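Heads up, the chain below is alone and in the form predicted on its own; it's given as structure tokens.
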């Protein structure tokens, strides 16, 4: 039964990609999408391959990455309210992006803005600061980690607001990015997030047994011979790197990394050997659909994708919480 569900999710993802490619400013017939993707002889080939397909693929990659990191972080910290932005990555990335907009506006440094260099740099800096602040006598207590993440997030969020007060011309663009956007994605933005997510997923699958043990309690895991601190630092670091690569390209997209693991656990259980892969597939489906809605609901304008994920994710999370209470 579990294998059938897994195959169904994988097939659903493939179908979702093809369907979402057909939607946009102009609806492309499903048959033409199939011909363009698999035969590459459609008259719509340029639009599909150069505009729509990169965006849809990036949405799948971003959704898969956020959901995977969220599922692993929740298991590692044994906290259902944890998301991929635990270590302050989103606030650091937000500050970096707003700062880059300011540098563009004030000094004309377009290279920094185009490459999203500052966004990535400050997201990694925020994660590093959180880890350093949370360390106590060679260990990283869960409570200290969460509190440090909150403090770092407040610090960078305040700095972001300060810089935005100085901005004038680009403040609308900043707001759009802060709620996530996949507009203008090309193939060149895809390799780094894709490779980082593949590497993170493979490493987590290799550590699945240790993650299962830690999710039952750190003391129990230590008795079982798991080097808990080494696993935690490795996962925190790599997970933050994956999140940083996504945020620097797509902006801050909420709820995907929080809600998806809860949905997947209800269908597939808590075993990380299954949870990691199915979270990636489900997160890819969710964000792919959300991005399609974001670019089609009020076309030709676009809604920031974080708004769509919030409208979908919040009710889903509420339903899951109510069902959990009733079953408990």
Partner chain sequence: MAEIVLKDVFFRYSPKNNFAISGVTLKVDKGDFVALLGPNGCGKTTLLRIMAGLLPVSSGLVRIDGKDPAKMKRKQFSKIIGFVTQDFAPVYNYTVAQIVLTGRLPYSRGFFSTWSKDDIDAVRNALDKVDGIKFMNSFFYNLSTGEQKRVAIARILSQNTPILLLDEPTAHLDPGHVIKIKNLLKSLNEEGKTLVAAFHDINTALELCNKLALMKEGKILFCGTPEQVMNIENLEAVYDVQLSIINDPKIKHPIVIY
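Residue numbers count along the first chain shown, from 1. Model, not experiment: these values are computed from the prediction.
If you look for the form predicted in complex with its partner chain, you will not find it shown, but the lines that follow are about it.
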Answer yes if any heavy atom of residue 206 is within 4.5 Å of a heavy atom of its partner chain in the predicted bound form; otherwise answer no.
yes
Taking heavy atoms only, is residue 296 within 4.5 angstroms of its partner chain in the predicted bound form?
no
Considering non-hydrogen atoms and a 4.5 Å limit, does its partner chain approach residue 212 in the predicted bound form?
yes
Please run the contact check for residue 270 against its partner chain in the predicted bound form: heavy atoms, 4.5 angstroms, yes or no?
yes
Looking at 150-158, 90-98, 126-134, 195-203, which lies within 4.5 angstroms of its partner chain in the predicted bound form, counting heavy atoms?
195-203
Contact with its partner chain in the predicted bound form, heavy atom within 4.5 Å, among 226, 167, 233, 176 goes to 226
Out of 245, 74, 181, 116, which one falls within 4.5 Å of its partner chain in the predicted bound form, going by heavy atoms?
74
